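Okay, so here's just one chain, in structure tokens, the form predicted alone.
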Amino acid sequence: MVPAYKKSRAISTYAHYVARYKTRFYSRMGFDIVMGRREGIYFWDLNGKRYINCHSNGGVFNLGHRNPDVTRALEQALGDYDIGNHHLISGPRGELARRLCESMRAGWLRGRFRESIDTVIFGVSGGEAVDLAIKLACAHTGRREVLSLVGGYHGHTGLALATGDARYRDPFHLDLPGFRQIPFGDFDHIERFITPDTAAIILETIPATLGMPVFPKATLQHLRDVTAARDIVLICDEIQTGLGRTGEAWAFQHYNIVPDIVVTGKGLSGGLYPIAATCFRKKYERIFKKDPFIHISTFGGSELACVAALKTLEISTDPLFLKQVRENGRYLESKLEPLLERFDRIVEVRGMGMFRGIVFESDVDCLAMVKALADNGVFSVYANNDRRVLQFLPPLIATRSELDEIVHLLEKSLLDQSRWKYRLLRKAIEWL
């Protein structure tokens, strides 16, 4: 039996034993949502209020909450499997790795880049998977420098943390040598930033935490050409953009390139069992030849997680499913674009497929919009490294009628923002 919680008790216990300052912030903003029942694109607060999940936890809930196919696969697996042992050979782990590699082969014959991604190491979190990607790049090249994007984000663990902005590192007094950041617009001239010690360049194919700006196709193709010519490892972080979110299995496939290393996580879990993966070209496996045990992850590739991930991957890479995501993405875009004319506070709608960012005039407008949406039963959040941008990630299973409902509530929230309580909220945000 799952224990029943009262909302007030859940909040007080969480504040005392988990996160006092986070809880205090939510309480001040009137945003103290406690998840209770959940199903499909919806979840309910413990007080019974229903929310449409348009954050999807960064893609964790691409297939909605408690997807019945993934849930059924996991329930059946519990009859035979447990976590397994990371030291031993594993059937589910091998099968999931094979399927991941196959899903990344579409579009990989561009130019001379004919070596496919065909090796996978599993982890639990995206940060862990990024850490490994950087370790592989440095081991392969013998170099130490890693370039990343200003405003990018790749996790809160050691090497992943070093690729992110100073605001995530400085509170912990951590500043690893060899990590440099490049502004978004300067990737067109990447040669200026490369040195003889550059081992890798890491970026999200569409940078989520920066507010979903979309790289021009020529920019990423040029980046691929330059890195290949100089034996610099190109790492694409597809933790949020992968698994169908943009209308292709992987966002890099829109650009007709194949990175050297691809990192995935979040949605691979099916929303039910944490798993992440570092997928790479076979040549980087040589680092393990002398000692196959120099990198391990006790819970990485849990056999139960692999079963959930296999079903998730099967659904997410099905051609008919991807066609539906592309069509719904275009439909959503057609509904969002007219808002630019109707509401002065919106300055841009950007993104790809069902991966959308709504750019407001100011971060205050965006934060007030987050609250207005929540009041109207839509859960969405701002992009943490550009707080003018509302991240809009409905579950990929959303129907046309559900998308219409989402857009209707979005319009209602934009109109509500002019009401007195949201004007007061904006003043409170400015004060904070």
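Fair warning: this is a prediction, and the values are worked out from it, not measured in the lab. The first residue of the sequence shown is number 1, and the count goes up from there.
The same protein also exists as the form predicted together with a small molecule; that form is not shown, yet it is the one meant from here on.
Student: How about Gly155 - does it come within 4.5 Å of the small molecule in the predicted complex, if we only consider non-hydrogen atoms?
Tutor: Within the cut-off, so yes.
Student: Any chance Gly126 has a heavy atom within 4.5 Å of the small molecule in the predicted complex?
Tutor: Yes.
Student: Within a 4.5 Å heavy atom cut-off, is Asp131 in contact with the small molecule in the predicted complex?
Tutor: No, Asp131 is distant from the partner.
Student: With a cut-off of 4.5 Å between heavy atoms, is Arg93 one of the residues that contacts the small molecule in the predicted complex?
Tutor: Result no; Arg93 lies far from the small molecule in the predicted complex.
Student: Let me know the one among Arg356, Lys311, Lys266, His140 whose heavy atoms come within 4.5 Å of the small molecule in the predicted complex, would you?
Tutor: After the contact test, the surviving option is Lys266.
Student: Consider the chain as shown here, without its partner, and state which of Met212, Val233, Ala251, Ile239 has a heavy atom within 4.5 Å of the small molecule in the predicted complex.
Tutor: Selected residue: Ile239.
Student: Only one of these stretches, 185-193, 170-178, 147-155, 82-90, has heavy atoms within 4.5 Å of the small molecule in the predicted complex; which one is it?
Tutor: One stretch meets the cut-off, namely 147-155.
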